[in-house]
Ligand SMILES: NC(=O)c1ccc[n+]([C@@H]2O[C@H](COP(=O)([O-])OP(=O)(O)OC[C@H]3O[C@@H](n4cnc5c(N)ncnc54)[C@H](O)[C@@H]3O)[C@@H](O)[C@H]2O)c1
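Before any questions on binding or motion, here is one chain by itself as structure tokens, the form predicted on its own.
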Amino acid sequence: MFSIAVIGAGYWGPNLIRNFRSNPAWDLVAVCDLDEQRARKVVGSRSTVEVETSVERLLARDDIDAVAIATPARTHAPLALAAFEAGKHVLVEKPLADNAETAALMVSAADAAGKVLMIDHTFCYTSAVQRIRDVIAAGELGEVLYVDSTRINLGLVQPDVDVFWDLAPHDLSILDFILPGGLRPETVTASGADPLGAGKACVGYLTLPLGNGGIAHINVNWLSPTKIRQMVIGGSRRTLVWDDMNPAQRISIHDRGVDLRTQAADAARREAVTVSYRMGDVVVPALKETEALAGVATEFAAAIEAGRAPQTDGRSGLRVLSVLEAASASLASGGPVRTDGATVADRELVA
């Protein structure tokens, strides 16, 4: 059992507190928040979990192995860097930081300290996304040719970020998790609209070329009267459909698709294309419904114990941030932006 403290008892902190409290791999020692009463309310009056109001005092304690940070994004880097200096492992609520350059410092600091840096990409620990990753890794879909992701609803227009930064991190983190080699597009193209006059994109489309000539497309929208959470992953052998709004059939795997064959049409060896359609079975795998955050807590402990990178490590968070920043640059320039998926300094506008 490892000991942990949660920093931040606001919106997401209580969820982390509840899961670390109930996980057999963890002993929740303390909760730290500037608002002592808020922290005490989350902890409960009969709890043995201590309440701290000073991060410095918390990190100085030698009975804490790790901290989970659930504070505003601009504070993630200073808190994580201080935690590494104090010899603690770190779990950070998404996004990893408020910009990719600062996130890169966090990754470097974790490596230098020999500590685990994990990002809470919660969707990656759902049974559905775990199954999708296994299916792709096993080659059941064949080569991934396209991904079409839709995340739309009648949502709250955020005061500080556009619809890309609000909704797309979920889809980007999932793509980084399920695609072999992670999310490493050479270019990012974003187009958005602001029909409300909110001063930021409220509807957006993000296009990411895949390395094999395929493509990933993400649609995010705050204005839709219907809520859709769907991802279609087309492979050379099969196609997988994930509908997160359908608990009875979250995943279906379709043995259906298009096969193209070329043949010599005449003596000049002009090629004719023969199109054939596969109309096979549809398989709906059974999924065990478990809370994703419980998986996050378990994976954090397992990574520390094994001395390995977690499934969603700091580099994963950095890749997602890099794509988001490239999307913002694309919106500003009106065209595709080149990115290496990891750094900001080498990014340049595509001529």
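Throughout, we count residues from 1 along the sequence that is shown. Nothing here was measured: the structure is a model prediction, and the numbers come from that model.
Missing here is the form predicted together with the named molecule; even so, the following discussion is about that form.
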{"query": "Residue stretch of 35-43, 284-292, 302-310, 22-30 approaching the named molecule in the model of the complex, non-hydrogen atom distance within 4.5 Å", "finding": "35-43"}
{"query": "4.5 Å heavy atom contact, Q230 to the named molecule in the model of the complex", "finding": "no"}
{"query": "The named molecule contact in the model of the complex: G335, any heavy atom under 4.5 Å", "finding": "no"}
{"query": "Interface membership of A9, the named molecule in the model of the complex, 4.5 Å heavy atom rule", "finding": "yes"}
{"query": "Proximity of D120 to the named molecule in the model of the complex, heavy atoms at 4.5 Å", "finding": "yes"}
{"query": "In the model of the complex, the residue from N99, Q249, S191, T75 that sits within 4.5 Å of the named molecule by heavy atoms", "finding": "T75"}
{"query": "Listed residue that, although the named molecule is not shown, lies within 4.5 Å of it in the model of the complex (heavy atoms), from H170, K88, R131, H254", "finding": "H170"}
{"query": "In the model of the complex, residues of 66-104 near the named molecule [heavy atom within 4.5 Å]", "finding": "A70, T71, P72, A73, T75, H76, L79, E93, K94, P95"}
